[in-house]
Structures are given as C-alpha cells and as structure tokens.
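Coming up is one lone chain in structure tokens, specifically the form predicted alone.
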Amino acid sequence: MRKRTLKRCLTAFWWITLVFLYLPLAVVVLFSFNASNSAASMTGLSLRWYHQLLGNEQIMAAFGNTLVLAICSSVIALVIGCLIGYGMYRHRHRKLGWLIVLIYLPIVLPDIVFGISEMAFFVQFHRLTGLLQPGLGTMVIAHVTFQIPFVALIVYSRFVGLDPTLFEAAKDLYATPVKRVVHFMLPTIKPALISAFFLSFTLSVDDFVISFFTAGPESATLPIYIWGAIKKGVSPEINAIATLMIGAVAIAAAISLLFSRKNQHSRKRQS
C-alpha cells in the first residue's frame, strides 16, 4: 500500500514539474497565434504575426545572423572539440587533472563572467592590432570557446566506450593513419559527432549573454533583438519569434537526443 501511494505521489510530482516547466512555453506559443494587437488578451487565432515577420527586415537580418553564427561556430567547435576529445582518450592514462579542469571551466563559469572577459579581450586586441572588431566574427569565436568543451566530452565518452583492441586490429590490418580515421574512427563516432553538432547548434541559438557582450551594431541575433524589442512590452510578434526559436531548439535537441541514444545502443551491442 505504501509503495503504491509513493508511486502515485511521485507520478503526480512528475506531472506537476512538467506543467511548471512547459506551461509558460505553451502560453507563448498560444499567444503567438493571437489575432489581437495586444499580447494580454486572446480574441481569436491568426497567422498574421508570422506573415509580418517575413516582411520585417530587422528580424530577418537577425535570423540570418543567428543561423550563420550557429552553423559556423558549431562546425568549428566540432572539428576542434573532436581533436581534443580524441587527445583526451589517447592520453587518458596520464594524470591530466588540470586538463579536465580547463575543459569543464567554460561549462561551469557563469555566462556573464565569460561574456565580459571575452568582450574585454576583443576590445584590447582590437585596440592593439586593429583586428577583431566586435561583430559576427568575434561572436563566432566566443561561441566556439564555450561549445568546444561539450563536443570534446561527448566525443571522449564515445571513444571510452570503444574496445581498445579495435584500434590495434586496424593497425594489424595494415591500415594507414588516414584510412583508420576515414574507415574506422569517423564511422564509429558518427552518432557522437552529429549529437555534438546539434547540441552546439542549440547552445548557440539559445545564447544571449555572451552574444550580447561580443556583438557589433550590425550583428544582432534573435535573442538580442527580442531583448531590445521587449523593452517596449511583450507583443504577439515577439511571441511568434519566441515560438520559432522554441521549435528550432526543440528540433535540434531532439535530433541530438536521437543520435545520443543511437550511440548508447551501439555501445551495448559492442559490449
């Protein structure tokens, strides 16, 4: 009887938590289809705000900057993070506690501290060299710096799950280093790479603080645009932008989770 009561309480707590987390998002999505000009009252359903977005040059420019920033930073972070993850695996038997701390530091460091430090660095670097003026380029570099640890840890965890004898078997079959990478390593860690890319993409699209401190006047992203527009009050147009961002992040997160589970299943088969 006690187990049944406890199970019911835990189930109720689970559903309450889900409602608490996702009800605000559901409200934003619902009011994005509001036919009224006010975001406080619902008078009917309409797609007018989504059509209006397509004609807003500022929003479309911010949307383009968001995509360019997310894709470029994710690709760069994927390459560098993959190399770091493999290096961590190759030297896992050494005492590399300091390296682990450096990898985790951008993850646990508050965004505002990270953003201010990035801004101070770019300002001083531009003052001394005339390069890296605040803009989309500095934003890409800043995003890469906090995306790399996530990619490195995902790739490292995939390599750790592999049978070490597979690497020796590839050598015994006279595979050159290039062939081992192309025909063995990349196909084996492919789910981890795809998962890491979409996770990086999600983090980039969702980021505001670091983007805000490293952006230039012509490189506003959707989160920065929303922050500036919301000062005038929440409008159905802002709700529509937020809904599109929720959908994009949800799709990227779902794809990342899908390949992460595929990665776990492949590990179980090998074990």
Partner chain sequence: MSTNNIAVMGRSQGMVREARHLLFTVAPGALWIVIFLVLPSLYLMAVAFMSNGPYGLPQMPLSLNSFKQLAGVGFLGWSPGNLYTLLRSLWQTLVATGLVVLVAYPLAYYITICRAKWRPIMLLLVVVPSWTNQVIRTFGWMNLLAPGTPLSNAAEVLGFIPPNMGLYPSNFAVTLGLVYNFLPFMVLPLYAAFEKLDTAQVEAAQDLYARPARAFWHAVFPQTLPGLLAGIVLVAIPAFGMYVIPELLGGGKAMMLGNLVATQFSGGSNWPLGAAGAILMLIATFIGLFAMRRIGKRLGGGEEVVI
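Residue numbers count along the first chain shown, from 1. Every value quoted in this text rests on a predicted model; they were computed, and no experiment measured them.
Below, we turn to the form predicted together with its partner chain, even though it does not appear here.
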Should residue 192 be counted as a contact of its partner chain in the predicted bound form, where contact means heavy atoms within 4.5 Å?
-> no
With heavy atoms only and a cut-off of 4.5 Å, decide whether residue 213 touches its partner chain in the predicted bound form.
-> yes
Using heavy atoms and a 4.5 Å limit, would one call residue 230 a contact residue for its partner chain in the predicted bound form?
-> yes
Even though its partner chain is not shown here, does residue 157 get within 4.5 Å of it in the predicted bound form, heavy atoms only?
-> no
Sequence-ordered residues of 13 to 30 touching its partner chain in the predicted bound form, heavy atom within 4.5 Å = 13, 14, 17, 18, 20, 21, 22, 23, 24, 25, 27, 28
